[in-house]
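Next up: a single chain in structure tokens, the form predicted on its own.
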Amino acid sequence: MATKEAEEVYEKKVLDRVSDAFVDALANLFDKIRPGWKVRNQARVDEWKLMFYAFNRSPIGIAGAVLVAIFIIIAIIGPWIAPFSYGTSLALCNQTAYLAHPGTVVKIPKGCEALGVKPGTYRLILGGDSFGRDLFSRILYGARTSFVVMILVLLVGPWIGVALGLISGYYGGAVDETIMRITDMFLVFPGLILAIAFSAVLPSRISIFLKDHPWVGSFFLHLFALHPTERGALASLVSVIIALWIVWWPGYARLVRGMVLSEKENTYVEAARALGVSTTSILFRHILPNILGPILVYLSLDSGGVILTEAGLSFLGVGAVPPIADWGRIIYDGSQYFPSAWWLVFFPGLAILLTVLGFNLLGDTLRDILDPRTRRSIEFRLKKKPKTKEEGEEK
């Protein structure tokens, strides 16, 4: 359906105009990179706009997108807007900061500049922890930790499974049998138990690697917004990322294999073979784009799962180590003072809840939008009813 026809059929909202401008800007960018792209792919551009029309009318999807956007923004700018550093103890200058209740006002006298705290009066919005550190600042830094782990895991782990699933489903036979039996071996063990095992074993080996390659450690220090003094604690975080890579690929391998078994029988694949197109091109330029929708939905739903698993590993003591700020570790440290210091568990728990909920709501909506059958039913419900002759005369 052409864009002009879509405008006549759907009642335009403010979000529709924003999404239209975004899609047009994206299409113009592609057209500059590859001249003529916009003309050749006009139907695809119109389809993207229709997807946004359906998404913009989903309150659940919009709520999820807002929660995810807030999390991403906080993760990016959190270390710069945090009132204090993640390891700064205000209790060294004022004992009232020790397990301070939310809203407590703390006065810092002169002479604490060496601790990184300027003299003045500060309000601890979410209270202080057992070391007198500002809980609000630590939650902001914890968002960066969760975000970086999520991105690094989803950029590698699932795509290992996608590649193996493509190969397994396309070649079949002994190749399929071998890959699927290896996948079954990983699926036999509960993911969390397997992640705990790798997270506990890997740090010693990773610490040696980081010492031999200091530039890698510097890269991760900047990525997690950590002080150079925390270089020794990086091994535990990197081990969690690698453990989740190992745990996260089997589900994608099974998902993609099933879709490839169906896709490879389609006419366009047979035509590509007849034209002598290489296997790599068939897999990654023809089959993969046609199964990308379900993979993206799976990734959006798994984003919250990665954050939850990473927090769980830190809570169990095999993830981030003090003083690195991590939501799971903050909850573990605060659980020793619960329920008297309830805020040490409630606020980081609420941050995890809202973030994971946002990704789940967004993923559920994307599943409906990216499925052509479900999307068509949504679009049919959204179409404006034609006006009757009487209504036209009244107007």
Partner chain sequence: MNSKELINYMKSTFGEPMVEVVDLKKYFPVKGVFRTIGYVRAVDGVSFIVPKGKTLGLVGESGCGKTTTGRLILRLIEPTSGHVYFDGKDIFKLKGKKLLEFRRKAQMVFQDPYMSLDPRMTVFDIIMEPIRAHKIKVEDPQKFVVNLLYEVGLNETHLYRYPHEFSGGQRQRIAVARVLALEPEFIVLDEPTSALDVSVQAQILNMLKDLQAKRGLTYLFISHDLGVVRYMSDYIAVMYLGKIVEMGPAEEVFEKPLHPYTKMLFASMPVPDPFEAKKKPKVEVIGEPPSPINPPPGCRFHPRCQYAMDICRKKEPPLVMAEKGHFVACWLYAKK
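Residue numbers count along the first chain shown, from 1. The model shown is predicted, which means the values in this text are computed figures rather than measured ones.
The same protein also exists as the form predicted in complex with the partner chain; that form is not shown, yet it is the one meant from here on.
Contact annotation: Asn266 falls within 4.5 Å of the partner chain in the model of the complex, judged by heavy atom distances. Using a 4.5 angstroms threshold between heavy atoms, Asn290 counts as touching the partner chain in the model of the complex. By the criterion of a heavy atom within 4.5 Å, Asn41 is counted among the residues contacting the partner chain in the model of the complex.
Within 4.5 Å of some heavy atom of the partner chain in the model of the complex lies at least one heavy atom of Ala274. The stretch among 138-146, 281-289, 233-241, 213-221 whose residues place heavy atoms within 4.5 Å of the partner chain in the model of the complex is 281-289.
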